[in-house]
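Here you get one chain, nothing else, as structure tokens; it is the form predicted alone.
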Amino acid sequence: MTTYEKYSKYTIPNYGERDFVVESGKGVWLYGADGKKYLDFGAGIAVLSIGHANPRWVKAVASQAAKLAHCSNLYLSKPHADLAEKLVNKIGAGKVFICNSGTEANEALIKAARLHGAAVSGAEGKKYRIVTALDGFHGRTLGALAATAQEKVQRGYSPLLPGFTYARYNDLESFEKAMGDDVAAVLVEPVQGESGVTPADAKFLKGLKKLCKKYNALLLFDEVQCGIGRSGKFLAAQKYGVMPDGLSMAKGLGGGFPIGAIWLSRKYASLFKPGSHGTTFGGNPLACSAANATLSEIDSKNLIKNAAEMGERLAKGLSNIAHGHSEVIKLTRGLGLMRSVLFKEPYSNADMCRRLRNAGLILIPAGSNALRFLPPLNVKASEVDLALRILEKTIKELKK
């Protein structure tokens, strides 16, 4: 029985039809069971921040696995402590909580917002509402799902967790109308990823900070996809010069190993008390060693600077292609190494994704009709140029 047949027979079909079987990866390259190699500009949906099979990462994970993979949060471990120190030093005064995924991190932020609301109002249920942005994406658990203002994602799961209000992204007036004394927090992505890579306006984020101060609400950023160097700074918040009261991280943090985290500023770092939140696997030595190796590689190779430079190279190339093929491409947008191309009808991102993969380039669909470019932070100029050549060649063949 083939891998495809086993998937069809034994796995729940929540991911739809898939036919591409992968076997290995090295750097920016992914190798399929078909014997071909592919330029991987999806990076596991922004996860493989230092590429496939990075030697530093492989050595750290193998060494830790041979020593101690898990010990539970009943005990302390050096990798966990080291990772917490690194994150706080990179972000600012505060504390972190380590979990297993971006969704879990956002759940922790939602709980922090509720705890803050209860603390400042003097009672539970008086100040609990969270305002999020339309077309945002925060995860698929019921709490994160309620924060995700997309009908297609929420469909079938009513009744959702109450206490969420939605406003238009990059529209400060819309958020202002949604605010009130019962609002405990505002939660937004500095760059909306799943809906097609839409960066926030700096004026919008600065306005949200003022609104939150006015209503004594937390400003929370979801940096699950746009964080860990992808924007050209360690955090997109730092790119904008707007620091929130708390934020979530995941994806690129572990370099391929499942891990998530939240950071809360010093003022709110004690919202959680013993017993108020927890995780069995979160912060285990193996995951933290993977994250420590990832951050060490990013620092030692100056990969955040590379992300900024290669991001500009990619943006310029995509803009040139869009200008030359305006009948196919509606627009390009993004920040750092988080870019997208939005196609015009009748051209579909699903069809373009298949065509590009057949040509040797892997991209990630997003939104209604976009493709995301999310290469590793250590991508080279020659690899960016190759991706651009494949894209333009594929568009030209499509037009024929």
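Everything quoted here is computed from the prediction, not taken from an experiment. Start at 1 and count along the sequence shown; that's the residue number.
Keep in mind that the form predicted in complex with a small molecule is missing from the display, and what follows is about it.
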Q. Would residue 225 show up as a contact with the small molecule in the model of the complex if we use heavy atoms at 4.5 Å?
A. yes
Taking 4.5 angstroms as the cut-off for heavy atoms, does residue 246 touch the small molecule in the model of the complex? no
Taking heavy atoms only, is residue 229 within 4.5 angstroms of the small molecule in the model of the complex? no
Looking at the partner-bound form in the model of the complex, is residue 107 within 4.5 Å of the small molecule by any heavy atom?
no
Within 4.5 Å of the small molecule in the model of the complex by heavy atoms, the stretch out of 308-316, 216-224, 264-272, 163-171 is 216-224
The listed residue (117, 139, 285, 199) that reaches within 4.5 Å of the small molecule in the model of the complex by any heavy atom is 139
